[in-house]
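The chain below stands alone and is given in structure tokens; this is the form predicted alone.
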Amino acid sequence: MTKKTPKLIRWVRLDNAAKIYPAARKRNWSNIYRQSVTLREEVDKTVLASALEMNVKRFPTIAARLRKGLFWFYLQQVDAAPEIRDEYSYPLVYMSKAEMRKCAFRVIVYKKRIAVEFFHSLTDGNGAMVFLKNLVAEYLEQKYGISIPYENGILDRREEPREEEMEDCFPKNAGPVPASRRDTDAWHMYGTPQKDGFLHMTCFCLSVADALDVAHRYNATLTVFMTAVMMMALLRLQNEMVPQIKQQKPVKVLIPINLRHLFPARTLRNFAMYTIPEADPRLGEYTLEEIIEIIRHKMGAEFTAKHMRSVIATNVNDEKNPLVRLIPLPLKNLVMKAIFNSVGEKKACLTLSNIGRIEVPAVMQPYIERFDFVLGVQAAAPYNCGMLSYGDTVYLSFIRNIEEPALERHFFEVLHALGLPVTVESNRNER
């Protein structure tokens, strides 16, 4: 009897945006984020395990492990679905190098909630949501025998992965002139470190209709409006923590931009850039209207194909440099880590990432209560914020690794002053 030839497991080079994340990792920071769905009934882990097996085969660049080559890291598809875990006492527990070598994502269940945590080299928020939606779709089909159409990000899990889904879209969209990396440093919050590693998560839940009504009064989109509220809260917090105006620094929020809105692309890998609006308190006090104008003009000037091509070119040119290509990986990591530490998160107080309105086929809606998106804290700052909307609710998830909830307090006060009702949920450490 002849033995069957084992099926080759796919591998791919890291996309241009993904290369920085393995190099920038720290002992207590692994740059992972979470997307989750809460169902209306308790999760059947046996059925979910079967659904996950199907998803792993369909999304080889997301269901992957991180491997080390001579000159670059690369991704290799896992040969089997990872074991489904029970929830930890808090989200986004540190992902070690050893864990990433086995599987760079986790699937975690808590009662009615299915959460997936991704190392950022695997995919961006858009690709992660496609993975999660299809995991849920496969679960619902197997659990309840329903048929779900291929729309709103639901794909045929039984077909072979498409080449365009696995494409690194950065090189072909790089422009002829690179952009400058020069920028001012932002103010960074500080507080009492949480000694046991616990991460505090606070979710602000608002009515979509109410939030849009107020945003439209200021002629702003929901992203622009919420970013302005965040910047106003940060300005007030800095005034509280740094009373001397001359000692204050610019308040800046990093806003990721999904490049699929600018360039034709169906990739499920990283394909996002960012813009960083700022308000310098040394120039005087700001009204919410002024902050909204700053953000709107900044996004209007930079959210263009020409500008983003120049930003992409800056990163792609570094990768194409013959000297960089030939440097062994350990030295390359040191250089990339130094660049990240000097140029990366120092340029913003935090990230506010809005992955937008989540839509699923109508047949799935009766089974789903909500979605959530949680970023990990930054390497050099204690906060981050993820945002999405589902149904008639906006969900903003703050996460922090310090004890004091000062930013959340100021954020709530700004919303309250605008007359916006808000429900606040927290996983506050009760130990």
Partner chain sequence: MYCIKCGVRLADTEKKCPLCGTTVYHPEMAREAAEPLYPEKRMPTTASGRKVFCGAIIILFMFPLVLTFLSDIWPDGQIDWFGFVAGGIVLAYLTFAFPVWFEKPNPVILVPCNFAAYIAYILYVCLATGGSWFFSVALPVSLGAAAITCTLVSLLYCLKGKGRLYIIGGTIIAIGALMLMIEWLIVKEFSVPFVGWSLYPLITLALFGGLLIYLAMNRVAREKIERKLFF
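The shown structure was predicted, so the numbers you read here are calculated from the model rather than taken from an experiment. Residue numbers count along the first chain shown, from 1.
Keep in mind that the form predicted in complex with its partner chain is not shown, yet the notes after this line are about it.
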Just give me the single entry in Phe119, Trp187, Phe204, Tyr139 that has a non-hydrogen atom within 4.5 angstroms of its partner chain in the predicted bound form. Phe204
Residue within 4.5 Å of its partner chain in the predicted bound form by heavy atom, from Tyr150, Tyr144, Phe71, Tyr88, is Tyr88
Taking Cys169, Ala301 and Lys306 together, does each of them reach its partner chain in the predicted bound form with some heavy atom inside 4.5 Å? no
Exactly one listed stretch (156-164, 104-112, 291-299, 254-262) reaches within 4.5 angstroms of its partner chain in the predicted bound form by non-hydrogen atoms, and it is 104-112
Would you check, heavy atoms only and a 4.5 Å threshold, whether Phe340 touches its partner chain in the predicted bound form? no
Though only this chain appears here, would Asp213 touch its partner chain in the predicted bound form if you measure heavy atom gaps against 4.5 Å? no
I'd like to check something about Tyr286: if you look in the predicted bound form, is any of its heavy atoms closer than or equal to 4.5 Å to a heavy atom of its partner chain? no
Wondering, does Arg34 line up within 4.5 Å of its partner chain in the predicted bound form on heavy atoms? yes
Pick out the residues of 377-412 whose heavy atoms come within 4.5 Å of its partner chain in the predicted bound form. Pro405, Glu408, Arg409, Phe412
